[in-house]
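Only one chain is shown below, in structure tokens, and it's the form predicted alone.
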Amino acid sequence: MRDFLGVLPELAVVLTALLAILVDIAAREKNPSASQGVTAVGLTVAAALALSLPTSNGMLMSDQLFSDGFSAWFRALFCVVGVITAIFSPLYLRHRNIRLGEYYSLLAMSVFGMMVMSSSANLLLFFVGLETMSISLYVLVSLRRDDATSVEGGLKYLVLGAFSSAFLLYGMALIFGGIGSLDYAVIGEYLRQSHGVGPMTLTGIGLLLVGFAFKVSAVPFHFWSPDVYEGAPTTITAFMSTGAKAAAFVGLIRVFGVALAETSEHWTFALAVISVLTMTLGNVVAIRQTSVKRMLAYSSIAHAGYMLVAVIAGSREAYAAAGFYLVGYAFMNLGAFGVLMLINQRGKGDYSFESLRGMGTVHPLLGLTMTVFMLSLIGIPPTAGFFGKLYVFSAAIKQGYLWLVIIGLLNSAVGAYYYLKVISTMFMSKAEGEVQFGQPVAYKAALAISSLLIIILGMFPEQLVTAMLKAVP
């Protein structure tokens, strides 16, 4: 019974995926958005179950799944990201004339894969969750079959995703050869009792690091990210840049921060170099972008660099800070893409900075929410983005990584340029052409709630950080 209750949120998500496709078949002609409602309600129930079920820091399913607060928080976050994506989807799909019945079912299955990644206590089970998420995303990215950039993005994501999965799988095989198990607990115990790491295990750790760097789009393994983000439907870009990234970081913390913590002397410097390159390249290249969507893609790379600082610091405070950062980042990035999706309905339907001209004065609610998202992405108080960076950098300083924090702060200053450019274009230039477009109530409510949550998290950060501190592994 305990095992059943422990995986009830995952069962609810799988049931949601099945119901979404059945409802789509049954009500396709009468109500094309019926499966959207099923998905939003099902994922909301799963999020509530993840947070309400008792977590006693134990194990489930023959010690293959964690039952702790960390997995509970992130399982709920993935469901919330799925709900917001489902709310944003109908308007965008209708505007782009995309009709694919499996859309919401694939969205739910991708959330299921993320939940497995965050709860797994075994490398092989983590890989199963990763592939479940990735296969759904391969289809969703190339959804616009008549658009060459979407097909190219999907193909690139499929090929490079398979490439990175091969690195992960080969790394796992070598670790199994060197240690004899893929369970996080057994790997950690073996490394604590052994005196040194053999060449096979060390090579396996290196390959795992490469595989994870691909998944979090860290430099120099980031090159798939801008093209895939640009080619994918914007709803899926928002979903990938928040949910998929958070799931990869939770896996990184579980594997490198806990199971392989004893070997940190072998990979910390390499990860620090990757972090610096990721922060710097992401911000510098983002400045040169003329498309806001592509700018947000490079900004997502830069934020991966900031979050890597927490993994490098390697303390419980740092992991709690990473958890806080990931929660806040999910709302600010989903919101930013949400505003872009609305504005994309006007004019040429592109994502250029020109398309934002005057939108802040013509549509004050959109302008206000976009301002909150941009300020939070910069890290201006009182927003969740400010405290996310503050906690991550504070934890890094305590562990002696002052030089890394200085580079992070300098990069944050560089990033302020292109985020402020969005705000100034919205409020300090005159709107041209057609300025009116559809704004469903649910859509505006999701944007308003997301921006309010960012401010509330910024004004009362201690509650979430304390909860994360109790929950981290």
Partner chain sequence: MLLTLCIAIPALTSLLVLLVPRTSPGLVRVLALAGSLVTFLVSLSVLSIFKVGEASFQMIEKVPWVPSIGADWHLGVDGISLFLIVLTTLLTVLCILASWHSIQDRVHEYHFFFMLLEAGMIGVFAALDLFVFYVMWEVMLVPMFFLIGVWGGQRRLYATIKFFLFTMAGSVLMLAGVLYLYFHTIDPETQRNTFNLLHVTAQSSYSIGTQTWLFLAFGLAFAIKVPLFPLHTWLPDAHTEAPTAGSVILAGVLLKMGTYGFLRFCLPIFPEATLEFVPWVSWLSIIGITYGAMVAMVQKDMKKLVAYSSVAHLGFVMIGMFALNQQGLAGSLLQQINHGISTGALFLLVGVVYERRHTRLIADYGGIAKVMPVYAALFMIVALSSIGLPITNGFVGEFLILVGTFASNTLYGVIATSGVILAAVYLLWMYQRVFYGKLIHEANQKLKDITLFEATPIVVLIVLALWIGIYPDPLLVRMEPSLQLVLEKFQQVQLSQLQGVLH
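These numbers were taken from a predicted model, which means no experiment stands behind them. Residue numbers count along the first chain shown, from 1.
Not pictured, yet referred to below: the form predicted in complex with the partner chain.
Residues within 4.5 angstroms of the partner chain in the predicted complex, judged by any non-hydrogen atom, belong to 397-405 and to none of the other stretches in 163-171, 102-110, 397-405, 118-126. By the 4.5 Å heavy atom rule, the three marked residues 364, 371 and 386 all count as contacting the partner chain in the predicted complex. Proximity to the partner chain in the predicted complex, taken as a non-hydrogen atom within 4.5 angstroms, holds for one residue of 298, 391, 331, 88, which is 391. With the partner omitted here, the residue from 442, 413, 48, 26 that has a non-hydrogen atom within 4.5 angstroms of the partner chain in the predicted complex is 413. Proximity of residue 52 to the partner chain in the predicted complex: non-hydrogen atoms within 4.5 Å are absent; the residue sits far from the partner.
In the predicted complex, the partner chain sits beyond 4.5 Å of every heavy atom of residue 15. The closest non-hydrogen atom of residue 459 lies within 4.5 Å of the partner chain in the predicted complex.
When contacts are judged by a 4.5 Å heavy atom cut-off, residue 428 counts as touching the partner chain in the predicted complex. Residues are counted as partner-facing when one of their heavy atoms sits within 4.5 Å of the partner chain in the predicted complex; in 373-391 these are 375, 378, 380, 381, 382, 386, 387, 390, 391, in sequence order.
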